[in-house]
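First comes one chain, alone, set out as C-alpha cells in the form predicted alone.
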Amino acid sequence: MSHGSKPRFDGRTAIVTGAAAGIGQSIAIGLAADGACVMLADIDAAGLENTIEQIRSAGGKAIHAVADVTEEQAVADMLRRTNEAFGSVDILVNNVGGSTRGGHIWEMSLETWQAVVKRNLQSGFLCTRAVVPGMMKQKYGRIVGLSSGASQGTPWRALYKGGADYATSKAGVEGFARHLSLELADYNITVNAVAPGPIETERLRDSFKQMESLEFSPLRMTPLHRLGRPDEVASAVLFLASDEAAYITGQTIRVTGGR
C-alpha cells in the first residue's frame, strides 16, 4: 500500500497483461489499490470480469480488453483504448506467459517450442514496442517483465516434465530487460524483470501438491520450504513500478524463496 499520505501510483496509468487470474490479477489489484488507473488485458473474459469487479468494488479505476497480446492488431487496439480512457501510459507489466506440457527436449515438437516462445516473448515485444514512443515523449516509464525461476533451470521441472521452451523464453525476458534498459535509459524509462519461484496460484496448486513426495519437490528444493503467494510477487513488481525504484534498471529480482 501507499507510503505516506499519497498513493504511490496517484495519477499514473498502467497496463497489465494476463490480468485475469493468478499473479497478473494480484498485480492489477495492487496497482489499482495504490492509485493507478489500470488497463487489464487477457484472453479470459470471465477472469477479467472478476478482476475488474474486485478493483471497482474497492474503489479503484480499471478497464479491460479481451485481447491476445501476441497479435499486433490486438495490442494496437488495446493501447488506443487505454489512451482514450486514461491518457498516456506510465507503467507496463508484461505478465502474459505460460508453458505447455511440452515434455523433454527429445520429445518436443517444433509447434510447441514456437507457441511457448511466442506467448512469453512476442507478447512482451509487441506491448513494449507499442507503449515506448509515448513514454519517450513524456520522458517517463516503468516496464516490468515477468520472468521465472525456470530461467536458471528448475530441478523439478527439468527432471519430471522437461520444459526447455519455457526456461529459454523466460531467460529471454531477462535479456530483453537488460538490453532495453540501456536503449531507453536516456528517456527516464526503467526496464526490469521479476522472476517468481514456485507460486501457489489456482492453476498450479494441484500440480505442486502432486509433487510433494518427490525427491526434488519445490518444497524440498526451496530454502524457505513453502510455496510463494501471488501477492508476494506483486509486491516486487509494484516496487519496480514505483518511484522508489527510480535508480534501478536492467535488473531481475528473484522472488523464489531463496532458490
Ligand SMILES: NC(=O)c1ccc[n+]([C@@H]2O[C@H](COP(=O)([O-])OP(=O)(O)OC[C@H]3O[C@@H](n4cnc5c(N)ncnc54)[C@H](O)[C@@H]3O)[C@@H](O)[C@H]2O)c1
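The structure displayed is predicted, hence computed values, not measured ones. So that there is no doubt, residue numbering starts at 1 and follows the sequence shown.
Not pictured, yet referred to below: the form predicted in complex with the ligand.
Every residue in the set Asp42, Leu146 and Pro198 has a non-hydrogen atom no more than 4.5 Å from the ligand in the predicted complex. Checking Gly87, Gly98, Gly153, Gly103 against the ligand in the predicted complex, a heavy atom within 4.5 Å turns up for just one residue: Gly98. Site annotation in the predicted complex: the residue of Ile52, Ala67, Ala33, Leu219 reaching within 4.5 Å of the ligand with a heavy atom is Ala67. When contacts are judged by a 4.5 Å heavy atom cut-off, Lys170 counts as touching the ligand in the predicted complex. Contact check for Ala21: a heavy atom falls within 4.5 Å of the ligand in the predicted complex. Taking the partner from elsewhere, Arg56 is found to have every heavy atom lying beyond 4.5 Å of the ligand in the predicted complex. Remark: His225 does not count among the residues lining the ligand in the predicted complex, judged by a heavy atom distance of 4.5 Å or less. Checking 79-87, 115-123, 180-188, 135-143 against the ligand in the predicted complex, the stretch whose residues place heavy atoms within 4.5 Å of it is 115-123. Contact residues in stretch 152-166 (any heavy atom within 4.5 Å of the ligand, taken in the predicted complex) are limited to Tyr166.
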